[in-house]
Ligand SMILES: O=c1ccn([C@@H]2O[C@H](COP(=O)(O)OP(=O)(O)O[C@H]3OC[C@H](O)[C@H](O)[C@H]3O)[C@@H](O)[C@H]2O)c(=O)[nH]1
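Have a look below at one chain only, the form predicted alone, in C-alpha cells format.
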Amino acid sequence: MTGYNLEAIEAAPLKDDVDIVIPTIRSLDFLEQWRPFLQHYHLIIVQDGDPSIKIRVPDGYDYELYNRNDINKILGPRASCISYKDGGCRCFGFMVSKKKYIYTIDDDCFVAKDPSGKEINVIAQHIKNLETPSTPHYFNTLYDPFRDGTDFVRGYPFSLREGVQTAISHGLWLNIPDYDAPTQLVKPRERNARYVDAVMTIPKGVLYPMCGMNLAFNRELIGPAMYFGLMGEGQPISRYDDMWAGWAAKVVCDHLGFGVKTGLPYLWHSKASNPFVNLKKEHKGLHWQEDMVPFFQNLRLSKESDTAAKCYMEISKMTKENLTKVDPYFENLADAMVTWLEAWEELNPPVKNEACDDKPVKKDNGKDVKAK
C-alpha cells in the first residue's frame, strides 16, 4: 500500500488551498512564533468584542480582518447567527473563505515540539490527515494504516481497505489541557506532557468532544455543518460552541460517508482560562450536555439529505422538535442554524458569480486592496 509522501507534502503544502481562521480579542503577536509555518498562508482574522479596538497583525502576513461592524454589514439581519464574545465567532471566517481547507487556531496556542525536540508543523500534519482516507467502518489496531511504517492488520476486510474521504482533522495540545471548569478547579496544576505519536479514525456512530483550538476540515465536504452555534453574550451558554459543531458535524460525516481523524498534530496551549469565569459560562451546558449527547447519538438523517447543508437543515428541525423541551434556548439555536445556512448559501452560491463591488476589502501583507 502507499503511505504518506511526506517530502512532497512539505515541499508543496497546498498554500493556495488553505485558509487560517483565527478568532481574537487582542493583537496577534503570537504569530511571530508561527511565522515559519503560517506566513505563506492566507489568514482570516475574526475580531471579537469591541470593534473600535485596534488589532495589530505582525508584518509580512497576508490577511483579512473582520470585526463586528464588518459582520453586520456583510450579513445584515443574518449577522444574528454569529456569536458575540465567544470563540464561535470564528465560523464567520469559515463562511467567507473560498478555500478547500480550513485550519483554525486560538491566539493562546504556540508551536510545540515532538519528543526529539523538532518543532511540529501542524499544517503539514493536518494536510496529511485530510488528504489520506479515514477508516470509520472497522478499527485498525495499528491506528492510521495510511501512515508510513504501518498498514492494515491481519483480519481487516479487504473490501474496506480503500477507506473514505477525510472531512475533519482534530489535533491535540500539550501543556494546558482542554478541561471544563469543574475539572479545572480540582486539577488546577495539571499539565499534559504526554505526546502520543498516533492518528486514528473515530469510528462511525461514535461522538467525540471536538476542540476548536487546533482543528482542520475540508470546507467543500462539511463546511455548512461546521456552525459553532449561537453562544456568548446574550445567550445562556458559552464554551460549548465547538462541542455543538463537533457533534453535529460527526453525525453529518457518518451519514454522508466521510471520516474524522484525531491525534497528531500537537500544539502548545499556553494559557488556562479562569475556571470561575468558565463555570458561569458553562454551567447550563454541563447539565444540557446530558440531553444533547443522547440527542446526537440517536439522531438519524433521511436519505434525501445528501449534502452537508441538507443534513444540517434537517438537524435544525430535529433540534427544535427534541431539545426545546430541555430549554427554550434551543428554539433560538435551531432558528440560528437556519439563518446560518441562509447566510452560507448567500455567500457561497452553487454557481460561482463574478466579483461584485460590495465585497469586503482584503488586506495583502497589511495593505488594503480591492477584493478579487
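Numbers follow the displayed sequence, beginning with 1. Keep in mind that this is a model prediction, so the values were computed, not measured.
Omitted here: the form predicted in complex with the named molecule. The next part is about that form.
- Figure note: of the listed segments 94 to 102, 151 to 159, 79 to 87, 200 to 208, the one touching the named molecule in the predicted complex, with heavy atoms no more than 4.5 Å away, is 79 to 87.
- At a distance threshold of 4.5 angstroms between non-hydrogen atoms, H255 is out of contact with the named molecule in the predicted complex.
- Contact annotation: K271 falls within 4.5 Å of the named molecule in the predicted complex, judged by heavy atom distances.
- Contact check for R239: a non-hydrogen atom falls within 4.5 Å of the named molecule in the predicted complex.
- Put simply, D144 is far from the named molecule in the predicted complex: not one heavy atom of it is within 4.5 Å.
- This chain is displayed alone, yet in the predicted complex one of H40, R26, K320, K310 has a heavy atom within 4.5 Å of the named molecule; that residue is R26.
- Checking D107, E131, D291, D114 for any heavy atom within 4.5 Å of the named molecule in the predicted complex turns up a single hit: D107.
- Contacts with the named molecule in the predicted complex, taken as any heavy atom within 4.5 Å, map within 160 to 179 to D178 alone.
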